[in-house]
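The data below hold one chain only, encoded as structure tokens and taken in the form predicted alone.
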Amino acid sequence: MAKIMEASGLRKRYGAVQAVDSVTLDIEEGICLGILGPNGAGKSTTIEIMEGILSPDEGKVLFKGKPIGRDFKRKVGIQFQTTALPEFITVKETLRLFSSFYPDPRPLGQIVELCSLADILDRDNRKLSGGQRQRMLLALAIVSRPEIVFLDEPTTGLDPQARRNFWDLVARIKAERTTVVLTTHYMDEAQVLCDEVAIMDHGKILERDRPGKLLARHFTGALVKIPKGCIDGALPASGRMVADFLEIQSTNLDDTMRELLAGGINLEGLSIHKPDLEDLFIELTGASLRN
């Protein structure tokens, strides 16, 4: 698959802080790349360099093999963490205003359908809820028919339902073969939306691959937990008590279930935790994704 963007050797320092430290990222056309990390990891600075907003102290960024320039601005869509919308005008008026900035904007009806805006077209921008505002900002990011869209923590502060609605919108954009670069604190968001993830901390890329491959590389099996009240007799040889739960680090769930049943242990209340991206980040950095 062709590379739409290449960033190599990016470095950016603010005083004594090395915000971005020798970051190299190649992005294939049509994928969603998630950049994960805690606050201060360097995510936003990295994508602001790739967006052409910041200049790196060192390194370069190429778009389709060429340095980013004026033409790139018509090929990129950006949804910032915080954006001020024009006040005292409606959603429809705002869409028409932003469409007028481009020579070949996406048709208004297509934007409305793609971002589910039909129910708020006549609403004043000041009256939008958090989820409605994010839908609106995504619409503005794709008005120009961009080939690549940057979404910087787009669902922070949204309620669970609004977050899932926003995921559906991103999935629709991906279906058009638009490349998406997403920064997020949310493991479940990355798991659902991202074809690949890059995990950052202290300005560096620690790991980068498909989520499933990353997890397979670092973990095997699952953690089985059973409430203390379900155990009547000796503990299985493979288990240990942690607080009020029997915990078994299982590498073969079939064998573990047979061992528990043979020992007469009541499986009611049993839970199985498969390692996820949050576990991986903690293993790599000792910090939570949302720390």
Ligand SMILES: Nc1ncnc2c1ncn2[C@@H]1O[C@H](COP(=O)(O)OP(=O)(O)OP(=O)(O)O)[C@@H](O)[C@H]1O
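Quick caveat, the model's predicted, so the values are computed rather than measured. Sequential numbering from 1, following the sequence displayed.
Keep in mind the form predicted in complex with the ligand is missing from the figure; the text below concerns it.
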| query | Between the options G263, G40, P227, G52, which residue brings a heavy atom to within 4.5 Å of the ligand in the model of the complex? | reply | G40
| With the cut-off set at 4.5 Å between non-hydrogen atoms, does H185 touch the ligand in the model of the complex? | yes
| said: Can you work out whether A19 and the ligand are in contact in the model of the complex, taking contact to mean some heavy atom pair no more than 4.5 Å apart? | reply: yes
| query | Heavy atoms within 4.5 Å of the ligand in the model of the complex: does S250 have any? | reply | no
| Might E196 be said to contact the ligand in the model of the complex, defining contact as any heavy atom within 4.5 Å? | no
| request: Tell me the stretch among 253 to 261, 229 to 237, 41 to 49, 65 to 73 that has any heavy atom within 4.5 angstroms of the ligand in the model of the complex. | output: 41 to 49
| message | Suppose contact means any heavy atom within 4.5 Å; which members of 46 to 82 contact the ligand in the model of the complex? | response | Q81
